[in-house]
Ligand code: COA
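So this first bit is one chain, no partners, the form predicted on its own, shown in structure tokens.
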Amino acid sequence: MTIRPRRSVLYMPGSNARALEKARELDADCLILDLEDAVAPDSKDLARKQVCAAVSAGGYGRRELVIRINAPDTPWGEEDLAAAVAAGPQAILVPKVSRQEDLAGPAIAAAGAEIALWAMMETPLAILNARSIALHAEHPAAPLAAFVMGTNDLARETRAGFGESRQAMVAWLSHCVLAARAHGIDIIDGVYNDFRDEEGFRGECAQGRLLGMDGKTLIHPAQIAPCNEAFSPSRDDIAWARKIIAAFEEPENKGKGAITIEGRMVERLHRDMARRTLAIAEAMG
């Protein structure tokens, strides 16, 4: 089982050369080098050049590099896409995806380049069409690998507030989790805007993990450590996972669908979950 941790996914503004350099030392699992929302219109060309040069130069170690392009129907979208494919990140994040067809152009451009696509889920249509968008995971050349929830844009477009525990959005987030899991892709939670509020941030990380998210998008390096902690299996989780796997490997249990461990009923599905827990722990080092 090959697992790529995507616990902490940090947005980095492509127009900030210093930030792009600093990112090589940060402990984030993934870096979204941004050409879209974080970049002013008069800095788009500079951001594109800097981001593509940084990706081509490498030096980011184990970090997964993702370039967020501007939407294909903007003045910068086509040039962003061509430059991103040439630079060769692990993935290209397509914004404003509302239907599976919105991924067709990027998929054709990235075909054969071993670049996956990620989709921003940030419009009402995206939520309604989550299942059909997730079907792009089956694309033979540039498959969809992840949903990224754009909760700020969803709040703007629906006029819903975040409120206590994001009550208005829980159904939308859960709907996207189901679509992602049905088609074998990851799903990354939206940002938490107040990077100085660590307690609130930890609470939203815990909520995201409870909902089934693989990680969370971040807007500040200070959020990386608590995010990694929140989305990592604990020592107790790892120990229990090892115990489950070892128990099912006992000769007397190999043919059983369910067994008892320390007074708890454990099924083979729990063994599969345990294997994933250990794979994540191993991937995190």
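Treat the numbers as computed from the prediction; the structure is a model and nothing was measured. Residue positions are given as counts along the sequence shown, with the first one as 1.
The form predicted in complex with the named molecule is left out here; the points below concern that form.
A heavy atom within 4.5 Å of the named molecule in the predicted bound form is found for exactly one of I238, I245, L26, A225: L26. Checked against the named molecule in the predicted bound form, the candidates A230, V55, A38, I259 yield a single residue with a heavy atom inside 4.5 Å, and that residue is A38. With the partner left out here, the named molecule still marks one of 55-63, 230-238, 215-223, 246-254 in the predicted bound form; by a 4.5 Å heavy atom cut-off that stretch is 215-223. The shortest heavy atom separation between R48 and the named molecule in the predicted bound form exceeds 4.5 Å. In the predicted bound form, none of the heavy atoms of A274 sits within 4.5 Å of a heavy atom of the named molecule. The named molecule is not shown here, but in the predicted bound form it comes within 4.5 Å of a heavy atom of K22. When the named molecule is considered in the predicted bound form, V191 lines it closely, a heavy atom lying within 4.5 Å. Against the named molecule in the predicted bound form, the set L10, D34 and F195 is in full contact: each member has a heavy atom within 4.5 Å.
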